[in-house]
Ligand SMILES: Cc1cc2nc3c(=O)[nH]c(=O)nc-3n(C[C@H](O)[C@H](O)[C@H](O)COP(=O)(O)OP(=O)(O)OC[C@H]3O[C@@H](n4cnc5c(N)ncnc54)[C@H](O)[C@@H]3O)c2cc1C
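Quick setup: one chain, the form predicted alone, written in structure tokens, and binding and motion questions come after.
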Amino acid sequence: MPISEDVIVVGGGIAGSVAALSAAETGVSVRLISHKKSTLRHASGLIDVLGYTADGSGPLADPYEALDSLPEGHPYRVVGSDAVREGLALFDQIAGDEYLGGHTDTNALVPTHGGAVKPTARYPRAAAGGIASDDRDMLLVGFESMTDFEASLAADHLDAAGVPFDVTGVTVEFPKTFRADAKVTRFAKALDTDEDVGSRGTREALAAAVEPHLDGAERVGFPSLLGDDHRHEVRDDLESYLGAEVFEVPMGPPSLPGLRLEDLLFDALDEAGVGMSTGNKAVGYETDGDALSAVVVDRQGREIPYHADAFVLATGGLVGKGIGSSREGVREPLFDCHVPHPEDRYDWFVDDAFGDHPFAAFGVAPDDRLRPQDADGDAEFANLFAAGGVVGGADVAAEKSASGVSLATGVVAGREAGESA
């Protein structure tokens, strides 16, 4: 029996998930196809809309005020500010009370594990105690077995950044000993289940190791490993033992906040009745006239067509391999969509490592319905819509806008696909 839905979304990150949910809201049947595990496990879990302008000005207090300054062709200029707000509203609906920041248009400044402060629109509740505009003194805590968070160095960087509070850092031993390459999930599990470490649990033992270093600090930041299923309970217990607010500092990959965000999105997809096909790669497509009729998926060596009336492409940018490059040029590899780029490869980048590199904004150029366009400006397919990092025109890493672009384009692409199915 052939597989058939009204809408098929290819890609399982924020953009793909939001596009699938947006399409489902139009009343159609939706299936999401993803190959590998989503890149969310490498993400901070923060929801950035716009932290800096295209020319590097910032950090921005109000991202909406800067939207009109972005260049023509930027995804935000294509979908408009209403779509940005709509994407955030859908995210707030998905995240519930797990995320904060929805009470204002103003960015919050959240400390990073390197000691910088990052402008972001939404942040996990677990990170709320670390907001940099808060003037309460702060202690950062690292662990001897985790070399990717140097608490004293992060504290020095925050102090140099001019934060309005005293901040110090200390490195302690985690109460349980794990193997050298233990994952953050192992640390989280020990706190989640409050594993016994002699005469007391892991949470109490950790607080006892930290308490001598408090020195009047009213809040204490740990790397993002304070439990998973019972993360609120872990923080509550640590706060009770320490007499100070406890928060998590967003970390690099593998990221527990990113994994928690993935769980929120997948729970929402389940609730919306979106079908999921994971672990198999989309390798081709079929057409009917000027429209797509199917995406072909490689399932254990068999090529299976997934038919639909409309499709959303949400496979990511260069990093996620949703955009491919070679000596011959830059293309979108699944549907072979056109990607505008200089013919000379030496014009893809600039000499300054931190300069304005053209390759950072490579992606498909969509029309006002987010349909990828060919070199002549015509829609590649009448029923294909694009969302997220595969859409070009924005250097999302420099702007700190990746999540916002995914939300805004995801909600529009999904709705367009649903209404055209």
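When you see a residue number, it is the position in the sequence shown, counting from 1. Not measured: the values here are computed from a predicted model.
There is another form of the same protein, the form predicted together with this ligand; it is not shown, and what comes next is about it.
S.K.: Gly320: heavy atom within 4.5 Å of this ligand in the model of the complex?
M.R.: It does: once this ligand is placed as it appears in the model of the complex, Gly320 has a heavy atom within 4.5 Å of it.
S.K.: Would you please decide whether His35 lies within 4.5 angstroms of this ligand in the model of the complex, comparing each non-hydrogen atom pair?
M.R.: So His35 counts as contacting this ligand.
S.K.: Quick check on Pro63: any heavy atom within 4.5 Å of this ligand in the model of the complex?
M.R.: No.
S.K.: Look up in the model of the complex whether Asp48 has a non-hydrogen atom within 4.5 angstroms of this ligand, and give yes or no.
M.R.: So Asp48 counts as contacting this ligand.
S.K.: Go through 22 to 30, 54 to 62, 384 to 392, 360 to 368 and give me the stretch that gets within 4.5 Å of this ligand in the model of the complex, heavy atoms only.
M.R.: Contact-bearing stretch, as computed: 384 to 392.
S.K.: Sort through Ser81, Ser325, Asn280, Ser293 and report the residue having a heavy atom within 4.5 Å of this ligand in the model of the complex.
M.R.: Exactly one listed residue reaches within 4.5 Å, namely Asn280.
S.K.: Taking Arg77, Pro340 and Pro372 as the candidate spot, are all three within 4.5 angstroms of this ligand in the model of the complex by heavy atoms?
M.R.: Not a single listed residue reaches this ligand in the model of the complex, so no.
S.K.: Heavy atoms within 4.5 Å of this ligand in the model of the complex is the criterion; list the residues of 293 to 323 that meet it.
M.R.: In sequence order, Ala314, Thr315, Gly316, Val319, Gly320 come within 4.5 Å of the partner.
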